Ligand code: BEZ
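Shown next as structure tokens: one chain only, the form predicted alone.
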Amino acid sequence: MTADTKQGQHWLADSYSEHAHFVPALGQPVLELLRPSPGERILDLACGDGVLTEKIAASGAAVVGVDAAPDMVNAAGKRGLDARVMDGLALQFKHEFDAVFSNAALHWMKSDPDAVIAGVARALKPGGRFVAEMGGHGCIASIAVAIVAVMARYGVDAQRLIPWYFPTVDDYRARLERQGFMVDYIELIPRPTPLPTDMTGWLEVFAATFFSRLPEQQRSAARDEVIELLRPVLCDERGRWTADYMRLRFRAHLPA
């Protein structure tokens, strides 16, 4: 995860585990794309609470996890992992890793995606690979539109607060290539995602940036308005919610 923002986005391991455990649970395809091997040294960029980091380590690879959220790093450390507090925008490694892995995090590093990719390139050995999945173009479009519409009624321009960067294939391929990567595979994948709790839980974990701009006494009402706008689109007749996710998955490598 990225660092806690001034807008109010905070990452807490217990809340994430309750409302967003689907994130690492759905990370198996990108793990398979990574194909870690015993003896490799791998960096897990924005490792969160370490669920997937632990799986990489089980392959026999030596894994370092970094995340900008101290509570998440603490949770990863409790799993016995080498987890460190570090911002993905300022990676502090040089030619140390055979691979860099990232799941569901790069889209939070909106302020300078090129700096993130450059840091990954520095961290890799010659020939090293970068394997990741992130939100892609069109991800959570319905949710974002509903938030922007409701916040406007409260006098907040939510468009300028959007914390996510959801690139197209062409956009991200070009960014990778500018930093010296050769792209082996990149694809935009629709992935409607059933939520483990409900839309309230999703908004509390992932959309605090917006509601923190309101007086505390207005936040619950605003969230409820967003939920009612989304109910006909993302909630079925049994009250089960599905988020309109779109994923960008890729594998790239540096020249040897």
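Computed from a predicted structure; not experimentally measured. So that there is no doubt, residue numbering starts at 1 and follows the sequence shown.
As for the form predicted together with the named molecule, it is not shown, yet the points below apply to it.
Enquirer: Looking at 35-43, 216-224, 199-207, 54-62, which lies within 4.5 angstroms of the named molecule in the predicted bound form, counting heavy atoms?
Expert: Going through the listed ranges, the match is 199-207.
Enquirer: Is there a heavy atom of Y245 lying 4.5 Å or less from a heavy atom of the named molecule in the predicted bound form?
Expert: Y245: yes, in contact with the named molecule in the predicted bound form.
Enquirer: Is it the case that F93, even though its partner is missing from this view, gets within 4.5 Å of the named molecule in the predicted bound form, heavy atoms only?
Expert: F93: no, not in contact with the named molecule in the predicted bound form.
Enquirer: Taking the shortest heavy atom distance, is W108 within 4.5 Å of the named molecule in the predicted bound form?
Expert: Contact check for W108: yes, within 4.5 Å of the named molecule in the predicted bound form.
Enquirer: Is Y154 close enough to touch the named molecule in the predicted bound form, meaning at least one heavy atom pair within 4.5 Å?
Expert: No.
Enquirer: Quick check: do A123, G128 and F181 each get a heavy atom within 4.5 Å of the named molecule in the predicted bound form?
Expert: Looking in the predicted bound form, the three residues A123, G128 and F181 all stay beyond 4.5 Å of the named molecule (heavy atoms).
Enquirer: Which of these residues, I140, L176, A146, L81, gets a heavy atom within 4.5 Å of the named molecule in the predicted bound form?
Expert: By the 4.5 Å criterion, the partner-contacting residue is I140.
Enquirer: So the named molecule isn't shown here. In the predicted bound form, which residue out of A104, L161, I117, V150 has a non-hydrogen atom within 4.5 Å of it?
Expert: Here the answer is residue option A104.
Enquirer: At 4.5 Å, heavy atom to heavy atom, what parts of 50-82 sit next to the named molecule in the predicted bound form? List them in sequence order, or say none.
Expert: Read in sequence order, no residue approaches the named molecule (within 4.5 Å, in the predicted bound form).
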